[in-house]
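Only one chain is shown below, in structure tokens, and it's the form predicted alone.
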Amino acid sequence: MNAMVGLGEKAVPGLPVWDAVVVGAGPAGSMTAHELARAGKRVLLLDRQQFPRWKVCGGTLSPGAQGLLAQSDLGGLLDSLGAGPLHTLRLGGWSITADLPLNGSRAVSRSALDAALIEAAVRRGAHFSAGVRVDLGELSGGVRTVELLGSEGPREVAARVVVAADGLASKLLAQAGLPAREPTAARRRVVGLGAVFPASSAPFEPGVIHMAVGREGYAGVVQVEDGSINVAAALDHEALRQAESPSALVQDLLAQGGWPSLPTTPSLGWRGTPGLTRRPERPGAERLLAVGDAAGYLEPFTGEGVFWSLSGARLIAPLVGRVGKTWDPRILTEWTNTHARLMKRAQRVCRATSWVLSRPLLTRSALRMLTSSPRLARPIVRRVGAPIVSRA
């Protein structure tokens, strides 16, 4: 998947100029490119990897995420991918199991979702190029330049605004002097870990998220659209460092939850992530705006990361569309305030969940309560991934 890169107007001598250059083609970047192209903007979407690609992810899309796709005229995307419904979140730990009803979530792999979102952006008119490494350039003449290194060799383009959608440890923000940092007050450092196993690898029930919780963190297992088994875990960094192997630690968590063992060798993975809770000082600079994980990330629980990314993309696109030849610093201020306000509200449940899960005695007590009274979880389940934005 690699569309030919076209040229925009040449406001800087010798350089193609775009309304926006979006760096990172995950859900945040692809949806931002889709919305900008949908609004008639000239957009260049770039990623250093080739697609389809696998990435550590829970493999779950909440009702809120599905609603955001529908608002962007992508309501049929999950059906086209064969994403199956999820009806139960099955929590297990310390020989306790609790089944919580899910409210319309669906299972889909990131490899399928990311590729489909890129294709949707290209159909809207965005230009996409994969296998390209990007460095932030200079501010000059009403644009910001970016330096590209791909199969065609080094080249340079310019944009009215660069959108950093390049992940947890955003390279572009770091180059702008805004590296992402983990909060010093965090109770523990948590990192992500994931793998994919063949469909026949273990008898995990379709339609169910199997979530094992323990002192070391938690691990979720779900069957995605092609029948393969997706595993995503959030693990204590110190426990992971002391474990025999990442696989051994996850297998131990699954055993504590009462779930079947996975094969020793996955078809994809094991792969890790940087620390899951981190944020930059602010989500951008002059003619540079960050979205998705790059703008700040909190430890998720049941696939909220994609929901936050899609939400941020739909919110940032109108602001990016306002950037012209003269930079208005109020755009960065507005994005900083909007992102902080709405994402804080969206992540409130996950903060509370993370707080409980970092305290084993409290977690065990919560599991016992939920076993006898699953309805106690309904307000939380309704709020996780609930829509926070609606834009035409």
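Please read all numbers here as calculations on a predicted model, not as lab measurements. For every residue, the number given is its place in the sequence shown, counted from 1.
There is another form of the same protein, the form predicted in complex with a small molecule; it is not shown, and what comes next is about it.
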{"query": "Heavy atom within 4.5 Å of the small molecule in the predicted bound form - residue from 90, 279, 160, 110", "finding": "110"}
{"query": "Selected contact from 133, 215, 124, 237, since only one has a non-hydrogen atom within 4.5 angstroms of the small molecule in the predicted bound form", "finding": "133"}
{"query": "Contact stretch among 242-250, 316-324, 229-237, 91-99 - heavy atom within 4.5 Å of the small molecule in the predicted bound form", "finding": "229-237"}
{"query": "The small molecule contact at residue 145 in the predicted bound form, heavy atom, 4.5 Å", "finding": "no"}
{"query": "Exercise: residue 197 in contact with the small molecule in the predicted bound form, heavy atom 4.5 Å", "finding": "no"}
{"query": "4.5 Å heavy atom contact, residue 72 and the small molecule in the predicted bound form", "finding": "no"}
{"query": "Residue 312, heavy atom within 4.5 angstroms of the small molecule in the predicted bound form", "finding": "no"}
